[in-house]
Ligand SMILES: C[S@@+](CC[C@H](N)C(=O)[O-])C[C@H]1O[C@@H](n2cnc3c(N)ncnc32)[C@H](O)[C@@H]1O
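Just the one chain here, the form predicted alone, laid out as structure tokens.
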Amino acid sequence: MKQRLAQRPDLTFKANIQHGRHSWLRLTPAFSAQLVEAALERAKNKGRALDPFCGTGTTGLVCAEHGIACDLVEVNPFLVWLSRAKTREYTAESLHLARQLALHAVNTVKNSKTDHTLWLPPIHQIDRWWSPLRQRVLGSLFAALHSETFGDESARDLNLIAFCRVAIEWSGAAFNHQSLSFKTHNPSLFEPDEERLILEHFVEELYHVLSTCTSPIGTPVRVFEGDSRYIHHIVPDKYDLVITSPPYPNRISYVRELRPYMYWLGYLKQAREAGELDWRTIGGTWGVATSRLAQWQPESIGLFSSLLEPVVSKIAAHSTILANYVLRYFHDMNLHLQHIRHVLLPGASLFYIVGNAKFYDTLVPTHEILADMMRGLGFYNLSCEPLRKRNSKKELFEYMVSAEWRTP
């Protein structure tokens, strides 16, 4: 049955590209609004929802559009900012000011001369990301967007969303596979006109973003920054619905794709900060997050599924580091599951979108281990539904793990 599953791009970030505010910024790990809709249809109670790994805010936006109160939690401060901007109610005045700010910024760049003191993000080897000409145009545009004469932060945020869209489109980065690569900056036939083209593109993107803000959100969404392993210390309420997609144990960086935005907007100031953030992210492996695995020890003993030990042992025969990586992933997910019980109402429905993994010749059945851990922690009505074939190794699939909670 698994081998007959299709890749189903309608269940991934690709389905959000033409879907209103969901289209603002591309993030490969994001799931589609359609998956949230499917979970809402199956949920027994819809009083207040929670997404403890909110990413780009898909769950919160869909819930708000259905009139369902929703709280979001995210460890990455850039994604907290993005989710808040995406789920905000915008007034006609803010949209008007956003247009004014964009036109002011474009005119400022057009009328300015090259500034050799122009601030640029301290991203490593920035010339691989943008040519010197593009750096100058983007740097000038970014500086103009922070004009002190515009005090409306909502208007500025909308412009910064458009700026991020333009910055990535004019970069040399390629995110079409697991390892980040760069295209060669060959001289462009249009290079003399690139300033004009970038500025026109920026205005187009700003108007696209604004066009998605005219419909009312419906129900307010709250977004909290924090580590969802300790979710009970972050959120102020109790919930009868959880819809989320936590990181997968696939040994990738959950900062990698966001680095250009995070450097431009000041959420990263040096490379080590990316590694520190990935260490706090379940399953993250950037920089220091990998080097620390050799010394890592679990916080607690005896909390894991019986399915986990043979998997870790097989991987350890090839690599202690990777065995520790898998062990830490499930250790952290177990902490999350332990603590989320404290913020659930009796009868709460939970939906976790997860993917399996493979290390050497050992398959890691993430969905089965997650369901087994949930069962051991008192969740009931467990099920694992295969959703789609992932665009990677032939054995890798995505699943929806669903469960319910009752107070012991």
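Start at 1 and count along the sequence shown; that's the residue number. Note that this is a predicted model, so its numbers are computed, not measured.
As for the form predicted in complex with the named molecule, it is not shown, yet the points below apply to it.
The stretch from 211 to 219, 102 to 110, 291 to 299, 241 to 249 that comes within 4.5 Å of the named molecule in the predicted bound form, counting heavy atoms only, is 241 to 249. Taken together, the three residues A39, G355 and C384 lack any non-hydrogen atom within 4.5 angstroms of the named molecule in the predicted bound form. The contact residue chosen from G287, G139, G226, P260 relative to the named molecule in the predicted bound form is G226, the criterion being a non-hydrogen atom within 4.5 angstroms. The contact with the named molecule in the predicted bound form, taken as any heavy atom within 4.5 Å, belongs to C54 out of C70, I340, A348, C54. Although the partner is absent here, V235 sits far enough away that none of its heavy atoms falls within 4.5 Å of the named molecule in the predicted bound form. Interface membership of A98, defined by any non-hydrogen atom within 4.5 Å of the named molecule in the predicted bound form, is ruled out. Although the partner is absent here, R280 lies within 4.5 Å of the named molecule in the predicted bound form, judged by heavy atoms. Not displayed here, the named molecule is kept clear of L363 by more than 4.5 Å at the level of heavy atoms in the predicted bound form. Of the residues in 78 to 98, only L79 comes within 4.5 Å of the named molecule in the predicted bound form through at least one heavy atom.
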